[in-house]
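This document opens with one chain alone, in structure tokens, the form predicted on its own.
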Amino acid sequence: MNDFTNQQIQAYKPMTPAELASIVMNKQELYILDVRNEEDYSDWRIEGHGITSANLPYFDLLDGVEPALELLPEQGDVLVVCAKEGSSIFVAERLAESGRSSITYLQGGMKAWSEHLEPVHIGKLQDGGDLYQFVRLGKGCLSYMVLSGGEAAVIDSLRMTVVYKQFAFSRGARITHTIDTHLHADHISGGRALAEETGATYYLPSKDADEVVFAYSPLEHRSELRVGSTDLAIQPIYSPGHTIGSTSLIIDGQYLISGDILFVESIGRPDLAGKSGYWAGHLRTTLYDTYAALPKKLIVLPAHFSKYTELGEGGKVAAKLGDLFESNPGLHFTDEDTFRKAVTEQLPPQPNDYERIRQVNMGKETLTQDEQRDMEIGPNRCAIHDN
């Protein structure tokens, strides 16, 4: 192996999705050269407080990377990104051959980025329990694990169930409950599969389950689910609007799991089942009456985020309910007509393949792993302010 080849190997290397997640969540600086086509880049890309990115399609670089060299900063790390990995390796190698150093490529591409889950510790619970948030940076999905007394409950699980099983095992816990706050339309739920794999009980709001073709335990309003032997209560609160069955959870009297009803910078959309006219009134009642009557000290933990600006310290997505009633534009519509217009008209594009995803989550359609992965690519678009 000659000296040039040795230098070339040192000049570019893979960056894992976990390493990229650490950069984004810790607000570190990184320059990204995205070589997907312009349409894909415009629709969905890697963003963060310290992220600068540019788009040059791979096919424009086949005859040479000079156009890319003109864009890159003179110093600092550069990450090359494509859909699956192969194109970014090609471009990274050519950049290294040109003499650029500190070049990386995203291992597994945007498909791997879309599936990565990063656990974040939210806080301690009474009698020694813990609450974790799993941040899916590449999709904007958020799921949760309650750990207490050697048992675990997973809330709004994603289809990457192995992550939750490994995490619970590492904490010496057995998964006993999996809970969906509603029938999801933007991503494939892992709740039922995770329950089958671990022997846990799967809970789903019964009003969202009219068309499901599998067995479940109903998530009942004002009932209490307990995790472990400690005095930890997960209290379901019926909160329709995003779906007719949407149900929030109050955990330990400290946290409000809001599903797709209330986000940090927006509110949920009521149109993903074609019933926005009917569900809009329920959404307003949930937000302006049910939530308004809850203790303002509760920490809101949503099922999604739309923008990197919603990432707080350490990458967690959370806010006090009282603060959201001060700052969230979705909680400041002056009258019902204005509210109804905002949540039914001029909405952002609907999530990719949302109708088929609903069918999968009802158990009516079965897809391969590759088909599921392709259906979920792109942003979640569950909020009314996702334009």
Partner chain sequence: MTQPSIRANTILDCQGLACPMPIVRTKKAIESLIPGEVIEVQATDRGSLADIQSWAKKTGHHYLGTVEEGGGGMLKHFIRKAASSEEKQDLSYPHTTTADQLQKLQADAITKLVVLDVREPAEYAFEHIPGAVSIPLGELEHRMNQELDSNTAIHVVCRSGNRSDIACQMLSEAGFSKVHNVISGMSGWTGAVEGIRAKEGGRANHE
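Just so it is clear, the structure is predicted and the values come from calculations on it, not from any experiment. Residue numbers count along the first chain shown, from 1.
Not on display, but discussed next: the form predicted in complex with the partner chain.
- Only one segment in the set 37 to 45, 314 to 322, 357 to 365, 65 to 73 has any non-hydrogen atom within 4.5 angstroms of the partner chain in the predicted complex, and it is 37 to 45.
- In the predicted complex, none of the heavy atoms of S306 sits within 4.5 Å of a heavy atom of the partner chain.
- For F167, no non-hydrogen atom is located within 4.5 Å of the partner chain in the predicted complex, even though that partner is not displayed.
- By the criterion of a heavy atom within 4.5 Å, S87 is counted among the residues contacting the partner chain in the predicted complex.
- Within this chain, G330 is remote from the site of the partner chain in the predicted complex, having no heavy atom within 4.5 Å.
- Shown without its partner, the chain has P57, Y58, F59, D60, L62, D63 in segment 45 to 69 as residues with a non-hydrogen atom within 4.5 angstroms of the partner chain in the predicted complex.
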